[in-house]
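Have a look below at one chain only, the form predicted alone, in structure tokens format.
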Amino acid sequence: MYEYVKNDIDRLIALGAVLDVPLSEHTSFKIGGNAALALDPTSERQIADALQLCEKRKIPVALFGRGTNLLVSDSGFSGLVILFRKPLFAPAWNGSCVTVSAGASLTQLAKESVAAGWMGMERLCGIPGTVGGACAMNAGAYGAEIKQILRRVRVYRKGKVEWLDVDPDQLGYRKSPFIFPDCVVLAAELELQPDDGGAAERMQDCMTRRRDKQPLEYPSAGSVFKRPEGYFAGALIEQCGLKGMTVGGAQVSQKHAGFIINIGGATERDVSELIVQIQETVRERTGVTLECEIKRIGDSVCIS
């Protein structure tokens, strides 16, 4: 646990940080305690200054985008949370290339790109996170991955801000060289292709499939488990008869067994206990070990 020095707090507050911020208000799960400090940045310089101070003083840092892949501890987070919940600048188009802020909505950008006559992002529409989180996790859906269109990433690392070229071979399933704490994604450059006439239809199809198959009406953190090689996590959980299984306010969704939903008043402890019970049952009955995909925030570092 970080022991605060008043001068450190004062310097972070001078940079724009706010004390004692409820993190349940910044996650799609609606779960979690408070952050000791949270910063809603308006510039790259502000982010870099805060990170440099935290590195020097060994203050724990967590990065939040739209909080769609996070499970926050009931006791909160003792350090600084940087909230990448809105873009620092509007998307800048240069022909088929667009430069976009890390805090931009991936779904909104996908819709704008299709409306402007481009394809390449249409299958990513509906992923509820940010562009920064997508770079850090190599977000993908329905056969598309952001690595297919990602050309450069602007990051803070080792005390400085720089553009890095993208090697697609370094990105894979939930794998990326741009993940925190190695890097903090600030912006990205994407290269799209002229619409072949089917982008809008493909986008609508993906959106419809999400609405039909996912429990979007409840707070959740999306898919809880990574896809095991040769299997689908949701199918294994359903096969084991775990749909509807409940611990406190946390429940295995009746609509999609790969989701745990907050049916009301769920705590991090409820979700964690339910995850363990699912993993144990699936391992005992199928021999498959399910690995968590959602990121946990306690006194640790994460991005989503």
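All of these numbers come straight from a predicted model, not from anything done at the bench. For every residue, the number given is its place in the sequence shown, counted from 1.
The next section is about a form of this same protein that is not shown, the form predicted together with a small molecule.
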query	finding
In the predicted bound form, segment of 108-116, 87-95, 220-228, 73-81 with a heavy atom within 4.5 Å of the small molecule	220-228
The small molecule contact at A141 in the predicted bound form, heavy atom, 4.5 Å	yes
Contact flag, P128 vs the small molecule in the predicted bound form, heavy atom cut 4.5 Å	yes
Q214, heavy atom within 4.5 angstroms of the small molecule in the predicted bound form	yes
Contact test in the predicted bound form: L37 vs the small molecule, heavy atoms, 4.5 Å	no
Check all three, R11, K158 and W163, heavy atom within 4.5 Å of the small molecule in the predicted bound form	no
Heavy atom within 4.5 Å of the small molecule in the predicted bound form - the one residue of M203, C183, I149, V153 that qualifies	C183
